[in-house]
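Only one chain is shown below, in structure tokens, and it's the form predicted on its own.
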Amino acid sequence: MHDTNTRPFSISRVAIYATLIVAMLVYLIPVVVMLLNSFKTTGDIRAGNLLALPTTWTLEGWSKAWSSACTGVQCEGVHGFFWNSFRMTVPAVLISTILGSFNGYVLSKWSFRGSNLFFSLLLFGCFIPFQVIILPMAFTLGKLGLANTLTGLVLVHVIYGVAFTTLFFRNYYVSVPDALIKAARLDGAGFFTIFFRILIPLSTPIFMVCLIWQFTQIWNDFLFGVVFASGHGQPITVAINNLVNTSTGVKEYNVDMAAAMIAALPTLLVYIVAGKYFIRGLTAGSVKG
């Protein structure tokens, strides 16, 4: 009797773990291929299997990708573009997250006439394809004197990202009891006091969700980077494309893969360090409401 009850449970657990392992391998194989081949020499890549271990481990590909690989007519590596991405991503993430927290607070706890319509229109911004806003955004940046600058690129990402951060914060704050806000009002707390003293201490999970979401979206963006920036002001995603498409006679796949790994490391690090907070924030109400 005991075996009959536990056998289906054991089989189901094996099936679940087997499915997870297969899914993990499918997702990890491209990363493993890039990582292994980034440590190979060019001759080793031509002579061996993509999944084979390097016969000689070398950092030559990483060194060249960072400091001397050609990204078009310039052969200065991707290090300058890497720091461009940081200078673009960090302020864009912080500004869009802060604006989203204020918007979400107002729309959930300080409703005004037309607030639902305002939220619906803002929510509509989440579903507007990137390509639709390229021309009007280019016109706006030109009028502001921010065309082909990192500052203009930051502004673009803030405008496009604030719709998502507002959605996340609004849905999270809806789950905070209204009685808590009303009690604070009765005690004389104002708009900013309630926000900074009551909601902010409760908002760590949703802040982490927005920071991770925005960092990933902005860091990995290619379209805005190639359209609204140029020359030395482009982000690393554009530099990777230029590096891969630059012909220098011999195709150095180890350099291409090392450059791709360099571009991917920040987002991987963010998920490794803060991934548990991302899941916690989602399950705490950030996708409810």
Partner chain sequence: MAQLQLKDIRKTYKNSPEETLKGINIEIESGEFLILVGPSGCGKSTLMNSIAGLESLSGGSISINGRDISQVPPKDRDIAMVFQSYALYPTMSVRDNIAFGLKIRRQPRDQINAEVSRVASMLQIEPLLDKKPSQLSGGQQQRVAMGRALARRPKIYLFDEPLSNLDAKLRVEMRTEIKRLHQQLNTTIVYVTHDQIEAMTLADRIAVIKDGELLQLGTPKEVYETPANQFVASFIGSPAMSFIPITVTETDQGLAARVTGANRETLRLPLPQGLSPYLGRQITLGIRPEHISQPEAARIEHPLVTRAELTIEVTEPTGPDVIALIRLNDVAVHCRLNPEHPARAGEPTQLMFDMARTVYFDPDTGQRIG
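Remember, predicted model here, so these are calculated numbers, not experimental data. Residue numbers count along the first chain shown, from 1.
The discussion below concerns the form predicted in complex with the partner chain, not included here.
You can rule out all but one of 198-206, 72-80, 85-93, 151-159: in the predicted complex, only 198-206 has residues with a heavy atom within 4.5 Å of the partner chain. Mapping the unseen interface onto this chain, residue 147 falls outside it, with no heavy atom inside 4.5 Å of the partner chain in the predicted complex.
In the predicted complex, none of the heavy atoms of residue 175 sits within 4.5 Å of a heavy atom of the partner chain. In the predicted complex, no heavy atom of residue 99 sits within 4.5 Å of the partner chain. Scanning 155-182 for heavy atoms within 4.5 Å of the partner chain in the predicted complex gives 179, 180, 182 in sequence order.
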